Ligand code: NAD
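A single chain, nothing else alongside it, follows as structure tokens in the form predicted alone.
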């Protein structure tokens, strides 16, 4: 067996149905009693119920979390936390709420409890991405790791089908990149493969019946595994492109992952044949095509054009992606990136792309 180094992040995770009922106990477990709840502005009714159930433990509620974690939004939330002498952060929602909690923790070291309502997977990672003046930058810090993550399958049942599809592919991207990340190892690769296969088999069931609790449970577990992957071995070309597109052009985060992932997989499969071997296990000619067809079958977005990208911005996007060095198993030139983005913009099926 090849030599490898495996380092696990310390995490307390509660998984099941109805686990959100343990939130008050988890706040007490941290020795806290003055929580700030963080959500986006379009919170679902279930989230509002959780806030009511917290009672006096919820000192204040910031409901302005936004995609890509803008610095100015963080400053507003930070001021509110200081004003109310908050001793604990409770983020309920998807990647926007989680990202804001991380941004505040980075600056204050306040403990975090995350209740995911989507399949984003970022709640398990030490990685934070923040946007300022149209540029998104990422960093890794143990300070942004959540103390507790409460996975409650019931919170995902009301997630609209399209959000279920895009957030699941977003999480799947964490698992895919773990297969070829700089610090890959067989333990994380096993988690990654299980996550990818589970999402692949589960998403069509959710599309047919969003109330399928077994499918929802499997998808949330795959999300958990994907978060472990990203938190352990890091990112490569796919995440670099998505951060450049999202932060630079305001594209929806999860939908951008959905569009870009198959094209990056095909690009890297030239030097990592095991990607296509996994695709064969999914009864396809390649992993890139298998995932592209999954997205298309679930009516997810398959082109940058349909999620708001302008073709005239592709040159700038390629330049942004080349602006900072990052690891990827296959080196990429500006022309490589520009062609990949053009294919993603047009929504060409990966098997038809000549990269």
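Since we're looking at a predicted model, the values are computed, not measured. Numbering follows the first chain given and starts at 1.
Beyond the structure shown, there is the form predicted together with the ligand, which is absent from this document and is the topic of what follows.
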| If contact means any heavy atom within 4.5 Å, which of 121 to 129, 268 to 276, 203 to 211, 77 to 85 contacts the ligand in the model of the complex? | 121 to 129
| query | So which of 179, 105, 159, 236 gets a non-hydrogen atom within 4.5 Å of the ligand in the model of the complex? | reply | 159
| note | Exactly one of 254, 113, 225, 261 comes within 4.5 Å of the ligand in the model of the complex through a heavy atom, and that residue is 254
| Thinking of 44, 117 and 230 as the candidate spot, does the ligand come within 4.5 Å of a heavy atom on all of them in the model of the complex? | yes
| Heavy atom of residue 280 within 4.5 Å of the ligand in the model of the complex | no
| query | Any of the heavy atoms of residue 170 lying within 4.5 Å of the ligand in the model of the complex? | reply | yes
| said: Is it the case that residue 286, even though its partner is missing from this view, gets within 4.5 Å of the ligand in the model of the complex, heavy atoms only? | reply: no
| said: I'd like to know if residue 244 sits close to the ligand in the model of the complex, meaning any non-hydrogen atom pair within 4.5 angstroms. | reply: no
| query | Which of the residues spanning 47 to 63 lie within 4.5 Å of the ligand in the model of the complex, based on heavy atoms? | reply | none
